[in-house]
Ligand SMILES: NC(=O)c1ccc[n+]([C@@H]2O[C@H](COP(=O)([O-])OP(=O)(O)OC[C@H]3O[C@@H](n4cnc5c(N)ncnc54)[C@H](O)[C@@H]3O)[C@@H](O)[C@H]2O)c1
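Next up: a single chain in structure tokens, the form predicted alone.
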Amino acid sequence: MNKLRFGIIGVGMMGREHIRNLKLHPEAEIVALQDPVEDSRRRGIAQLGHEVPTYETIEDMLAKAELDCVLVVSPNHTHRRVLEPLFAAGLNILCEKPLCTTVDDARWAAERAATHTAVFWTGMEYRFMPPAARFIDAIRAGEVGRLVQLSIREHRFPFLVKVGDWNRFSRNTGGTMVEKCCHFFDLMRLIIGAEPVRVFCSGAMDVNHQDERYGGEKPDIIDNSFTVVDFANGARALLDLNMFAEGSEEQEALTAVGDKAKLEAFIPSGDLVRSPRVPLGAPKTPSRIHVPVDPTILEAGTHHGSTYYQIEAFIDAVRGRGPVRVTADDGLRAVAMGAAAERSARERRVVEMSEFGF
């Protein structure tokens, strides 16, 4: 079987993570790297470990490289401009989250993807973390009964420094609730199996980036928040985000509570704990399992193996062995939820999803 020829657009930190994971897939071959920054191109070649053509512009790459697939890992605010020539070229596309930084641009991308004849996939790695995937499967199998409440906690480190410091400003990222939290809003929709109706977010930039200035301008990105989402089927979800809790033992915790049991997943430990309901005063009967991840796959990324497994699923879709598991519409709806949370936090009010046309 011929290898799929991949080009990577954007060879920053996440682009290099994709390089490491593509190298583990025998059906993939990286044949081109594109980035306008020369140092990023050099770092990409060093990560790859051998020479391939590099390009300063997308147009030059498309004109000269023979490609089957492209991974879009460029800064958030460039996604619409990057996607336009890729749609025209008819390539298989995996576009990293967020799909775009505004609902209007994300809706444009979803409309174009709906008529795109090749695979279009929105990069939502968290679905593919093995403990999260097992958690989702268990809920679908009825292990908590009828799901009533879902909570997601991420207590982590601050945003890392990116080339040109683009991630310090909401105009470039869509805001923290879009840039970082679209992953979690996507998980909410996937797990609950319904669409959001309203969002309330209380958040601010209270600790991080206070002394940073870029061209005299102070960053404006949220570093902690609570977000409550009501869903059309009556379930509700909570996102607890803190980006100055780098000392946390568990970076992520997922908790689902239904009418039969409670289920928790912890990352990076990889443990799942199921706690059935018991009569008042009876002994509690929790059970714990561990979801392992191959150490080689863990070492290839910073997302608990999810980048590898998502690329595997993307390759399966391109080969016709599996479905597109994260569509452009999924990406659009996650952006819309993030935009609603941003608006809620800044305007200090409940935001109806109908304000965004949903």
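This structure is a prediction, so every number in the text was calculated from the model and none was measured. Quick note: we count residues from 1 along the sequence shown, nothing fancier.
The following text describes the form predicted in complex with this ligand, which does not appear among the structures shown.
Trainee: Only one of Gln47, Thr327, Thr54, Ser40 comes within 4.5 Å of this ligand in the model of the complex by heavy atoms, so just point that one out.
Mentor: The residue from Gln47, Thr327, Thr54, Ser40 that makes the contact is Ser40.
Trainee: Could you tell me which one of Asn76, Thr255, Asn242, Thr102 places a heavy atom within 4.5 Å of this ligand in the model of the complex?
Mentor: None of the other options qualify; the answer is Asn76.
Trainee: Taking a heavy atom within 4.5 Å as contact, would all three of Pro196, His304 and Ala334 count as contacting this ligand in the model of the complex?
Mentor: No residue of the spot touches this ligand in the model of the complex.
Trainee: At 4.5 Å between heavy atoms, is Val163 in contact with this ligand in the model of the complex?
Mentor: Val163: contacts this ligand in the model of the complex.
Trainee: Val350 versus this ligand, in the model of the complex: is there a non-hydrogen atom within 4.5 Å?
Mentor: Contact with this ligand, no.
Trainee: Going by a heavy atom distance of 4.5 Å, is Asp186 a contact of this ligand in the model of the complex?
Mentor: Looking in the model of the complex, residue contacts with this ligand do not include Asp186, since no heavy atom lies within 4.5 Å.
Trainee: Please run the contact check for Ile9 against this ligand in the model of the complex: heavy atoms, 4.5 angstroms, yes or no?
Mentor: Ile9 belongs to the contact set for this ligand.
Trainee: Please determine, with the chain shown alone, which of 317 to 325, 66 to 74, 291 to 299, 23 to 31 has non-hydrogen atoms within 4.5 Å of this ligand in the model of the complex.
Mentor: Selected range: 66 to 74.
Trainee: Give, in sequence order, every residue of 79 to 109 that has a heavy atom within 4.5 Å of this ligand in the model of the complex, or say none if there are no such residues.
Mentor: The stretch 79 to 109, when checked against this ligand in the model of the complex, contributes His79, Arg81, Val82, Glu96, Lys97, Pro98 at the 4.5 Å heavy-atom cut-off.
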